[in-house]
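The data below hold one chain only, encoded as structure tokens and taken in the form predicted on its own.
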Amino acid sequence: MIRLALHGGAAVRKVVSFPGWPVFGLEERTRLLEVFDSGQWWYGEKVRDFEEKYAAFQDARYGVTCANGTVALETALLACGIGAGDEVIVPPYTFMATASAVLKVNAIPVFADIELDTCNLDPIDVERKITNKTKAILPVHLGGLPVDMDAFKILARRHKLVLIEDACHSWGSKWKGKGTGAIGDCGVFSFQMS
């Protein structure tokens, strides 16, 4: 059996430090200064261009930028009519914003279990957690691994629930040829470094 470096085995990684973040160079500096000089810091031509191109990249019809993934989740929940007293089924293994966004719109996060082999939300346990107060399912495509969107679409349709994808970790991921975040009723992404 191979011993971990922690216990005296050979180290896999020989370089001590990791690359810095964010990674940038002259092109990024030039583009940043173009936006700075334009005076359109919040919503200008570059933002509109990015929204269109990123939506197309993920196979989505529309793209709307937000300050971050947390705000995007809150906006998606509100846009889908989720509010006071509504239950939203979420996974327990995710970034805290998945559940805190539900609380922010005065709804109730209900935790369903994850699948041990994927660490993604388990559609079987989700169905067990559905009540007459459940209004949405919020699966997370964790670490770029898509959840079983077919199973969640069937559940959402059967129980008349909104299906919001937390695709913050799945840029470029596909489920049966379709970009994650563009399969349910809506989806959100994040460009946080993880």
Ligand SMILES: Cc1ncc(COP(=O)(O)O)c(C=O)c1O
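A residue's number is simply how far along the shown sequence it sits, counting from 1. What you see is a predicted model, and the numbers here were worked out from it, not measured in a lab.
Separately, the form predicted together with the ligand exists; it is not shown, and the next lines address it.
Using a 4.5 Å cutoff between non-hydrogen atoms, residue 164 does not count as a contact of the ligand in the predicted bound form. Put simply, residue 70 is close to the ligand in the predicted bound form: some heavy atom of it is within 4.5 Å. Within this chain, residue 114 is remote from the site of the ligand in the predicted bound form, having no heavy atom within 4.5 Å. In the predicted bound form, none of the heavy atoms of residue 120 sits within 4.5 Å of a heavy atom of the ligand.
For the candidate spot formed by 95, 98 and 168, every residue has a non-hydrogen atom within 4.5 angstroms of the ligand in the predicted bound form.
Considering the ligand in the predicted bound form, the lone stretch of 127-135, 28-36, 49-57, 62-70 in range is 62-70 [heavy atom distance within 4.5 Å].
Residues are counted as partner-facing when one of their heavy atoms sits within 4.5 Å of the ligand in the predicted bound form; in 127-143 only 140 qualifies.
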